[in-house]
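Encoded as structure tokens, the following chain is the form predicted on its own, with no partner shown.
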């Protein structure tokens, strides 16, 4: 049985159930790299150029780990577009070339092109091409892909219940359904690209920390896509980055939710779209307290926790004095 390696980083959090199901039905065994750790980060930093963002550097580390395993193929998708008229960061488009230029003795690479910016004809051709690699007919490859989409929807249904994408993948893999922690006295909208937000090392375990501080969290995956797109469309110009538009639309939808006390946006240092999207969201916030957190390989966990504690204390103080008069006590 052929073994296909998939890095536990970047679009793993969004699409792993799809690709695992697809490759298994192609007759292959899927191997994952380990969860991100300090060694993963250091290896990625050593391999990647300085200009890449933190999540991409982490991806390098995961790929290097996979290459040390006994895999027959390395899955490095070239993600250009995942929806019409929208695109992913250029670094994702060039990732297979960047990896090949930085690492020697790579196993055979499956650099599938994912581009549905105009239509899905190219995607269908790529699915057929991969099917031929594993000796499958066109119909079998298409059916395997459709089955993968169905499994992906099961995972997304879990995320709509309040689980993170990382937790949803684990439940989909067969882990028992964990109870969401509580009780909570604050409701916070937590935004960020999934490959940063749901990786506990990159995000400094921000999800667990906020829950421990008594915060019920609302993620973009819990919102209806129609609502997100409607709010994002209120901007003067359409955001053509898929994830950036999702963050803007989610923030504007969360601002209208009376249950949510504040919004936090986790951005990665070195991410061009994040630098603009974070600023755009801040300018649009009128009724909700908003905080932008930027992380990279130098970010200290203690400093991040201090900022989160201060943010939560401010929200609680704001709630406790909301009934008080703003007139000076001195007359």
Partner chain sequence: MKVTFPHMGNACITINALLKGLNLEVITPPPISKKTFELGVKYSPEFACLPLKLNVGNFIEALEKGADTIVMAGGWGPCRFGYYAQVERDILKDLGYEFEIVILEAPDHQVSELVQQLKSLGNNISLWKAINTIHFAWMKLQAVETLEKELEFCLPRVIDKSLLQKIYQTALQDTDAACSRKKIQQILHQAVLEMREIPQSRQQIIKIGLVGEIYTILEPSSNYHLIDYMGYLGVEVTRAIYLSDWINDHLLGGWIKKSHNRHIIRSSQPYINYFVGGHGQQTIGYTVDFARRHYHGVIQIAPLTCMPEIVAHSILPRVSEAENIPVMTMYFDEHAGEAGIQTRLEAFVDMLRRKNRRQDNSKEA
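Not measured: the values here are computed from a predicted model. Numbering follows the first chain given and starts at 1.
There is another form of the same protein, the form predicted in complex with its partner chain; it is not shown, and what comes next is about it.
Student: Would you please decide whether residue 51 lies within 4.5 angstroms of its partner chain in the model of the complex, comparing each non-hydrogen atom pair?
Tutor: Contact check for residue 51: yes, within 4.5 Å of its partner chain in the model of the complex.
Student: Should residue 36 be counted as a contact of its partner chain in the model of the complex, where contact means heavy atoms within 4.5 Å?
Tutor: Flag for residue 36 set to no.
Student: According to a 4.5 angstroms non-hydrogen atom cut-off, is residue 91 in contact with its partner chain in the model of the complex?
Tutor: Yes, residue 91 lies within 4.5 Å of its partner chain in the model of the complex.
Student: Although the partner isn't part of this model, could you tell me whether residue 283 comes within 4.5 Å of its partner chain in the model of the complex, counting any heavy atom of the residue?
Tutor: So residue 283 counts as contacting its partner chain.
Student: Which single stretch, out of 153-161, 94-102, 184-192, 255-263, brings residue heavy atoms within 4.5 Å of its partner chain in the model of the complex?
Tutor: This holds for exactly one stretch, 94-102.
Student: Let me know the one among 230, 121, 132, 238 whose heavy atoms come within 4.5 Å of its partner chain in the model of the complex, would you?
Tutor: After the contact test, the surviving option is 238.
Student: Can you list, in sequence order, the residues from 111-147 that come within 4.5 Å of its partner chain in the model of the complex, counting heavy atoms only?
Tutor: In sequence order, 113, 115, 122 come within 4.5 Å of the partner.
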